[in-house]
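Here we start with a single chain on its own, the form predicted alone, put down as structure tokens.
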């Protein structure tokens, strides 16, 4: 028997989550049984438990959009994985558990020496960052990308992936103490999310024709990014932290012909083929293995202390991610 977190109704995570036990079935044809090692607590996980996410599972449900696991046994017909291999769990697997049985074809094998906690966070924020940098406009080395919420998990990945690809990043944050931290991470310019600083974006980028901006805030912050885009530029929205509506003046569309797009990783996973997913994770795993793509970790918790874990994950101004660590 192994432990698993479930919720039978939506609501405040610490109130509706329950710790239960189950037995993972033996793997059938094409399946493997896994021991889960670690899984992060992401904002989307919290939103889903609260009933506020764009796609809700049938109840009862197990949260956890990503995680890392070790193969314990393989069913008939599995030739790509062996016991002992480390893998990334499939999207939306319900990773807040100690074990599960799933299809082998949905798993991504990772190097044995990759840091377990960093591996557990490779399925959500890093592909979001990489896909937004590559799907909407063709960027060349030396080009600039703008982003707000730059200290978020996605924002930090954008900085590091952009740097690895030879791109420049201008990053917008709300707290001045974050500026040296993100500069050390590789950001080329970091400014505060206030009107006078946003007005200086063109000066900070040397007058470059910026063609891509990534928005996770909305409201005036998104408008400031859009104002700095060159004609024909693209504003991609993937979050709404301010809970304020996106404001794009008519003139930006008429006279600048800006493109306004949205990105949702869940939809990409639903539509992407195995052939399309492969290069994305090959690049991310290579960067993580080389230490060029990392996400800070504030704390890890065992499953049994889930109430403390989810409460800490919801605090503002954390120094890093919160993860469940199920096994050494």
Ligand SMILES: NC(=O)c1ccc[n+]([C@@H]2O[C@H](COP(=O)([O-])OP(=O)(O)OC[C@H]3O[C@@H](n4cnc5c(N)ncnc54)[C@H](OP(=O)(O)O)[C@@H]3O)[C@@H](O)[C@H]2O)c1
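Being a predicted model, the structure only gives us computed values, none of them experimental. Numbering follows the first chain given and starts at 1.
Only in words, not in the display: the form predicted together with the ligand, which the text now covers.
A.B. asks: Within 4.5 Å of the ligand in the predicted bound form - does that hold for a heavy atom of every one of 125, 175 and 238?
C.D. replies: The answer is yes: all three residues contact the partner (heavy atom, 4.5 Å cut-off).
A.B. asks: From the list 225, 187, 88, 154, which entry has a heavy atom within 4.5 Å of the ligand in the predicted bound form?
C.D. replies: So the residue touching the ligand in the predicted bound form, by this definition, is 154.
A.B. asks: Could you check which residue among 284, 44, 37, 303 gets a heavy atom within 4.5 Å of the ligand in the predicted bound form?
C.D. replies: Of the listed residues, the single hit is 44.
A.B. asks: Is there any non-hydrogen atom of residue 321 lying within 4.5 Å of the ligand in the predicted bound form?
C.D. replies: Yes, residue 321 sits close enough to the ligand in the predicted bound form that at least one of its heavy atoms falls within 4.5 Å.
A.B. asks: Give a yes/no on whether residue 200 approaches the ligand to within 4.5 Å in the predicted bound form, heavy atoms considered.
C.D. replies: Flag for residue 200 set to no.
A.B. asks: So in the predicted bound form, does residue 297 come within 4.5 Å of the ligand, heavy atom to heavy atom?
C.D. replies: Flag for residue 297 set to no.
A.B. asks: Using a 4.5 Å heavy atom cut-off, state whether residue 217 contacts the ligand in the predicted bound form.
C.D. replies: Judged by the heavy-atom cut-off of 4.5 Å, residue 217 is in contact with the ligand in the predicted bound form.
A.B. asks: Exactly one stretch in 75-83, 241-249, 138-146, 162-170 has heavy atoms within 4.5 Å of the ligand in the predicted bound form; which is it?
C.D. replies: Comparing against the ligand in the predicted bound form, the contact stretch is 241-249.
A.B. asks: Scan 286-316 and note down the residues that get a heavy atom within 4.5 Å of the ligand in the predicted bound form; none is a fine answer too.
C.D. replies: The stretch 286-316, when checked against the ligand in the predicted bound form, contributes only 316 at the 4.5 Å heavy-atom cut-off.
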